[in-house]
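Presented below, as structure tokens, is a lone chain in the form predicted alone.
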């Protein structure tokens, strides 16, 4: 009971309160820098949103992944790091495993910075590879809107929680995301190690194969809202497809209802580009393969933290495009009218409203991060040929069909209602297929008379026929 209350305390008060504080700080820092020079709001958002918020969430995810994997595998998880010096009560503090984060940082900073002799001839490229893997992912967040535009201060400055809102928003995402392949390829090649080279080749071919599906997954959203700006896409999702009452209640025009296939395509392709299980063949520990196998210290740390930054950025982009961004599904206008209009409780304090909606955005991001952790510790590693088949033979045709169908329905019904009908039908079909699939597996196990060990048509043990390289690939990635 005590543990449940502690979890509820964190989920209801601490985490939303922290995101509210971060969003409020971002608004006021952006307001301050905008007063110093024109365009300074973007600099303030870089300092708070990109350098602080994204990095803090990504760093905490390193612990959250260990905790979540431990919960799924019914074990304790990280709780041994502690401070041996000082009073007894300090030595007994574990802080829920939080001390593992500074312990990891200190270990990477002080670990021997080893460079193999074969890589010294490519020293520049060997050092450049971790930066090329980290920087493109890090700057992707610059076009992601994390809060609404509000009016602040006596100067009535218009401030939004976004670093930049260019006309080429999604094109920027495609262009910068594709640069990450250079970091993995250079890491494998410059290490002068055959296993590292194989990991780099795997990573590059996997990332290239999913680039087309990643782009096609968002083309439908571009056609639906007639824009490539992420901020405009988020604002367009405030309208209702159908209103169920005369008040502020109805089905919102969120991308997940209009483009469920596009969401699945983009999420699967972007998840594959993070190189996390089940798409982690470039880091196949069971085969002693990894494009960063020769890296140590903070060079390895850049590769590792870039993986978690990718998780946060992927969740943020999906939130902005498919889940309404910072908007509530319904009741947002009524809530604003009740609390922030003239004569109401918070009239004149627009920053409270902006920070509240900003915290909604970050809570959605956190939920999608949790989904990614759930997938990472649920599915075993795919074989390399299965990954290529999924990218070229399944996601690519599905993306092309989705673009054609979306274009036809948008031209036929600009109100987007028929597109929403198709989208909701697809969502219902996905849930039904998932439910029926689970029932089929349970029925198969129920008819199995050997305690779950199946047999093939010739009466042999089915597990015995699994090739060694497949059974060995079931071991999940450890980092």
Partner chain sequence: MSVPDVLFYIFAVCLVGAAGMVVASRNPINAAMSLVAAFFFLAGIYVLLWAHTIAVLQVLVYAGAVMVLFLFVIMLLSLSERGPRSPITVGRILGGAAALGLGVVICIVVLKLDGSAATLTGAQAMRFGTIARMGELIYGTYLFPFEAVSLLLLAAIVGAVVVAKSRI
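Positions refer to the first chain, counted from 1. This is a predicted model, so every value here is computed, not measured.
The next section is about a form of this same protein that is not shown, the form predicted together with the partner chain.
task: Work out which of 237, 402, 274, 204 lies within 4.5 Å of the partner chain in the model of the complex, going by heavy atoms.
output: Of the candidates 237, 402, 274, 204, 204 is the one lying within 4.5 Å of the partner chain in the model of the complex.
task: Check each of 122, 91, 286, 151 and return the one that places a heavy atom within 4.5 angstroms of the partner chain in the model of the complex.
output: The residue from 122, 91, 286, 151 that makes the contact is 122.
- prompt: Is residue 304 one of the residues lying within 4.5 Å of the partner chain in the model of the complex, judged by heavy atom distances?
  reply: No - in the model of the complex, heavy atoms of residue 304 and the partner chain never come within 4.5 Å of each other.
field: 4.5 angstroms heavy atom contact with the partner chain in the model of the complex for residue 104
entry: Because no heavy atom of residue 104 falls inside 4.5 Å of the partner chain in the model of the complex, the answer is no.
query: Does the 4.5 Å heavy atom contact test between residue 185 and the partner chain in the model of the complex come out positive?
result: Looking in the model of the complex, residue contacts with the partner chain include residue 185, since a heavy atom lies within 4.5 Å.
query: Heavy atoms within 4.5 Å of the partner chain in the model of the complex: does residue 179 have any?
result: Residue 179 belongs to the contact set for the partner chain.
message: Counting any heavy atom within 4.5 Å as contact, can you tell me which stretch out of 125-133, 320-328, 73-81, 251-259 lines the partner chain in the model of the complex?
response: Heavy atoms within 4.5 Å of the partner chain in the model of the complex occur in 125-133.
- prompt: Within 4.5 Å of the partner chain in the model of the complex, do 175, 192 and 208 each have at least one heavy atom?
  reply: Answer is yes for this spot.
task: Determine the residues of 142-170 with a heavy atom within 4.5 Å of the partner chain in the model of the complex and present them in sequence order; the list may be empty.
output: The stretch touches the partner through 167, 168.
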